[in-house]
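Form predicted alone, single chain, as structure tokens, below.
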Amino acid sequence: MAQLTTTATSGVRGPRRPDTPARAGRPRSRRRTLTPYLMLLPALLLELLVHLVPMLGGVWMSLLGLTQFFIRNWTAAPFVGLRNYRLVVNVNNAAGADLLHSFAVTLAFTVASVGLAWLLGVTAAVLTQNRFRGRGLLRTLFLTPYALPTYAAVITWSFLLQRDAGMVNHVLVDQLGLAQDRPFWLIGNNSFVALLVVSVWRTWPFAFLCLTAGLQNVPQELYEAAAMDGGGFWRQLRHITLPMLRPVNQVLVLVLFLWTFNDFNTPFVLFGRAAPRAADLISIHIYQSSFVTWNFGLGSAMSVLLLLFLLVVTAVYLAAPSYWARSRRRSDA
């Protein structure tokens, strides 16, 4: 007993445990921390190679007078600075006026296409929410336009919209008698309507798919409680369905807007290299400025301005909900 007391009071400590396992665990934990980043590194490098490098090349080309005379040796194109940007934003010259008209057509087309696609998607999702015989087959048919390849679907529509041999005019004029003369759908002012119909037909199944997935997360008890309180279909739609689908709609509307505003395949396959003025989307306009008139510097400047516009729209769209939420909290306080 005295020996133990002497040992304790003298400050002599007993044998320490080896800390080798603790030290060995640190490199192991570091490897676990770095493993996800190392696995993402190849994808990040490929993403930079595929997107960032061409983007920087397009910005550099927009600062050059790159025309058909410098195609073989584009590094010899003269540096013109912001001259291409001044040309495309000046509405008093031909290039600026045409770009403004194309932007207005694209904006109207995008708003109409996204609105109609969302309306059809939410209608079909709500109507097929409850179980009934044949629901699976009906959902499959609804998703068929989205599953078809773009070129095959749009080429089929180009045949359907032909003036003399198209099925659309055959039904409208010959069978229903809604018009006396066969209208032109692929030229003139009707080309905007034709492009809108094809775009909505291709995009609304995607909206239907996203909204159907969102409706699976809505508790059925909410509808049962609303029905017991006397709430009909429209009140349930307004106070339960649409509020519960708000997170899905925020992402869906943004994705549809970006897809539709940048859509190149649909007008190119439907109209060819030269779209009618009524359906002159900005993607086709940039293509014509670059590969038809061979002014790549001007086309690159338009592409950069289009990218900046979409970035601003995306940033404002994503920041708006939080801004309104903070404003509502301040007003409630």
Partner chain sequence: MREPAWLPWVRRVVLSLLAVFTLAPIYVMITSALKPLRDVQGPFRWWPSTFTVRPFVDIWHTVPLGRYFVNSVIVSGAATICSVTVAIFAAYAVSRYRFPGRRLFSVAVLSTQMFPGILFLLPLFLIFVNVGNLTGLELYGSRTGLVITYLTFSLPFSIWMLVGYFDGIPRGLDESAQVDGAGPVRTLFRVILPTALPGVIAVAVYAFMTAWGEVLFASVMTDDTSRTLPIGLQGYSTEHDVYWNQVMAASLVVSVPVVAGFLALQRHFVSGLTAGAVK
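Positions refer to the first chain, counted from 1. Quick caveat, the model's predicted, so the values are computed rather than measured.
The form predicted together with the partner chain is left out here; the points below concern that form.
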- Task: With the partner chain left out here, work out from 162-170, 76-84, 91-99, 104-112 which stretch has heavy atoms within 4.5 Å of it in the predicted complex.
- Result: 162-170
- State yes only if every one of 185, 253 and 316 has a non-hydrogen atom within 4.5 Å of the partner chain in the predicted complex; otherwise state no. no
- Message: Taking any heavy atom pair closer than or equal to 4.5 Å as contact, tell me whether residue 180 reaches the partner chain in the predicted complex.
- Response: no
- Is residue 262 a contact residue for the partner chain in the predicted complex, using a 4.5 Å heavy atom cut-off? yes
- Task: Find out whether any non-hydrogen atom of residue 128 is located within 4.5 angstroms of the partner chain in the predicted complex, and reply yes or no.
- Result: yes
- Item | Contact label in the predicted complex: residue 68 to the partner chain, heavy atom within 4.5 Å | no
- Query: Are there residues in 137-153 with a heavy atom within 4.5 Å of the partner chain in the predicted complex, and which are they, in order?
  - Reply: 138, 140, 141, 142, 143, 144, 145, 146, 147, 148, 149, 150, 151, 152
